[in-house]
Ligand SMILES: NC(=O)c1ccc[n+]([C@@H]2O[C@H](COP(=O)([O-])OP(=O)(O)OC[C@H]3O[C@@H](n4cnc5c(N)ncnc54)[C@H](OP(=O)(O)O)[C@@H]3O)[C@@H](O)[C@H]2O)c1
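Only one chain comes next, encoded as structure tokens, the form predicted on its own.
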Amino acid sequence: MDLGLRQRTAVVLGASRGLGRAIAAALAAEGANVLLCARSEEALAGVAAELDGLGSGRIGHHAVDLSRPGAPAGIQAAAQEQLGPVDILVNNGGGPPPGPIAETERATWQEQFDSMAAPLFELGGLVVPGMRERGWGRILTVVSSGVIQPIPNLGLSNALRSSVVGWSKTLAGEVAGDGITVNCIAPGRVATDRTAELDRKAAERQGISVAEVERNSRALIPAGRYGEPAEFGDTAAFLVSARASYITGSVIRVDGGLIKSI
């Protein structure tokens, strides 16, 4: 199936590893031009070298810290300079520290909102006008299964990512008539460094081995395993493709059946 992504320009945040890298690889393989964004210049250069030549598109990269003022504008400028106007925006970022929500202090809430949510809202506002002019655009935000079924001990993530879902749903209604889709994609337990980190912390907290944490997690997943990053990346590539033009305002689960709610 041709996804219609050749020569479309995509910005992928958090592209140096994990889910972001998997999405970037899937888009590159489909022939999209991809701007890789993350904090580490060295890591981005390595991923860019790996993805270069994977498809017919060009690969660029831009080191950025989303919590810094002016970061969204810098991303848009880098995309324009290296690859052209942004057709596809993939919002993806690291998760906040785990912990009980009742013990989270105001300063931590503000710090994490300024890193996880506000920059995404601002960047979306910057790319939408150009998408409207061209009559085509895709905005996809990686959230978490916690926005559907809150995850214990991840209160910050559950709350802040839910605010991103509210933004996404609202924006979807505003721009659907302009040929722009806006969706969220919610991973379950996918085998990434972030998941491994959470498993290690859970093991420490519960006083058991990491292997036991993983075994307990797999027991809750009907598919009986953690997902592969490439499986997630392929789903994301479809959602930002020409083929998915009638899917908008949705939260798509990629979780092996983990989320129990309908």
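Just count from 1 along the sequence shown to find any residue number. Predicted, not measured: the structure shown is a model, and the values here were computed from it.
Only in words, not in the display: the form predicted together with the ligand, which the text now covers.
The candidate stretches are 102 to 110, 129 to 137, 180 to 188, 82 to 90, and the one lying within 4.5 Å of the ligand in the model of the complex by heavy atoms is 180 to 188. Only one of Q206, S40, S56, N216 lies close to the ligand in the model of the complex, with a heavy atom inside 4.5 Å, and it is S40. The listed set T192, Q76, Q149, S163 contains one residue whose heavy atoms approach the ligand in the model of the complex to within 4.5 Å, identified as T192. The three residues G18, S67 and G95 all sit with a heavy atom within 4.5 Å of the ligand in the model of the complex.
Proximity of S168 to the ligand in the model of the complex: non-hydrogen atoms within 4.5 Å are absent; the residue sits far from the partner.
Although the partner is absent here, L123 is not a contact residue: none of its heavy atoms lies within 4.5 angstroms of the ligand in the model of the complex. Using a 4.5 angstroms limit between non-hydrogen atoms, N158 is distant from the ligand in the model of the complex. Taking a 4.5 Å heavy atom cutoff to the ligand in the model of the complex, the one contacting residue in 102 to 133 is S115.
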